[in-house]
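So this first bit is one chain, no partners, the form predicted on its own, shown in structure tokens.
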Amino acid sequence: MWGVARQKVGFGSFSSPILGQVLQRIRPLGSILPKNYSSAPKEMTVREALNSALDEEMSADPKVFLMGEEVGEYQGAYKISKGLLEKYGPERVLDTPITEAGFTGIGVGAAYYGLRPIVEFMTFNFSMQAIDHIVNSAAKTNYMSAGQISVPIVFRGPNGAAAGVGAQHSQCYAAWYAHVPGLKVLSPYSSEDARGLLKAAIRDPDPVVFLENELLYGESFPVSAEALDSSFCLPIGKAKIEREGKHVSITAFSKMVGYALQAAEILSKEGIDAEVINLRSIRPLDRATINASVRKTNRLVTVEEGFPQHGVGAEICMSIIEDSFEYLDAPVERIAGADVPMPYAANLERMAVPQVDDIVRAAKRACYRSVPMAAAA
């Protein structure tokens, strides 16, 4: 990265070697005519999807580079950056010291000068060491410079609970960063999400917080031929309806989307047709899709791993109250992590994180199908 920076001759301009690379590698915008894609989906893990997105964007734009702890020689703590050091060299895949505040600040400064850094945190819990650079330097500079300085940077890494890593390594930062004007916050579920959203994040002119999930890295999902195209990109701020339904809407993001889909299958056997919305984007939030769904089903269950107070679910609930209150036939149900630091013991950890059964019970309550406690006694 230092070598790239030395080639710069002034703010927002590049020397002829960089400019030549840029002119030679203009990213295709896609044909106006529709492409003929094969209908047969391919299986791909979330890890492979993230790796391929990084590879393609680094190939398409010489200003894109990756930095973080163990991203190079070790090929990433979770092997997301496998093969990238060999292909792009140490000036574009930088192993950093264990100093999040230091390398995040370097990344933000590089973005000020027109480069496109991707800063990897080994876990988003470590981003707290760098939160001043993320919130005060990256998120606010475009506004404070009256639009003169863009900050095209991506902060990415695993977020939320893993397994047996204790309170300090198990927090969900979706609500933390979604609170900040100037940041965009994305949280993929499937391989197609991971690939399309990461490409969108890297191409975006603003700082993007990209929240992955460690437990999803090894999960395989079908990926369409369209999603495998190098020009593929998902829109930021648009949710996806993973399953259509008519009785109750369930919103979720990241790993909780899978839990919501499992809950919907269980509910279908009991005559409850649940609609599952994969948020994908936490900020901006796709309020239109959520409200349209609730106006159809008249019920809502929000699901998230994070703490309940001031959470993503709370914001969604308020959006429904403001825009679709008269459509509700039941109180909104909110499923979230327990309001305690994450326990280390496996049995207590499971109790602190939402489970499929929690979603099923909440949906039944919303549909007035739960068994009264007096009858169950």
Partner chain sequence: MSIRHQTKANKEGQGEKPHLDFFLFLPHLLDLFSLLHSTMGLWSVRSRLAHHLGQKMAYLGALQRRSWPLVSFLQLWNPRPSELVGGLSSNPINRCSDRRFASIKAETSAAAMDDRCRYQVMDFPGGKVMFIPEMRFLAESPGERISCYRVLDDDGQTISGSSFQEVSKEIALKMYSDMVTLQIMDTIFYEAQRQGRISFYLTSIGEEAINVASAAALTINDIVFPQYREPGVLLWRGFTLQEFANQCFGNKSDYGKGRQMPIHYGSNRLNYFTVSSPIATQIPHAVGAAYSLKMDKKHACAVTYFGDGGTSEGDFHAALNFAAVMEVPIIFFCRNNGWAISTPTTEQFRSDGAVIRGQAYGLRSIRVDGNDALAVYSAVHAAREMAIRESRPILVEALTYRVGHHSTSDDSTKYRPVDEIEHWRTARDPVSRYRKWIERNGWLCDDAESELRSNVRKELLHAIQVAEKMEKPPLAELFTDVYDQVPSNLHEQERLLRETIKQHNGDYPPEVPV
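Positions refer to the first chain, counted from 1. As the structure is a prediction and not an experimental result, all values here were calculated from the model.
Not pictured, yet referred to below: the form predicted in complex with the partner chain.
In the predicted bound form, at least one heavy atom of G182 sits within 4.5 Å of the partner chain. Residue contact with the partner chain in the predicted bound form: A110 places a heavy atom within 4.5 Å of it. Heavy atoms of H133 reach within 4.5 Å of the partner chain in the predicted bound form, making it an interface residue.
The partner chain in the predicted bound form comes within 4.5 Å of a heavy atom belonging to P205. For the options N298, N142, T289, Q171, the one in contact with the partner chain in the predicted bound form, meaning a heavy atom within 4.5 Å, is N142. P90 is the sole member of G218, G83, P90, P235 with a non-hydrogen atom lying within 4.5 angstroms of the partner chain in the predicted bound form. Proximity to the partner chain in the predicted bound form, taken as heavy atoms within 4.5 Å, picks out 91 to 99 from the listed stretches 273 to 281, 91 to 99, 243 to 251, 303 to 311. Using a 4.5 Å cut-off on any heavy atom, none of the residues of 342 to 362 reaches the partner chain in the predicted bound form.
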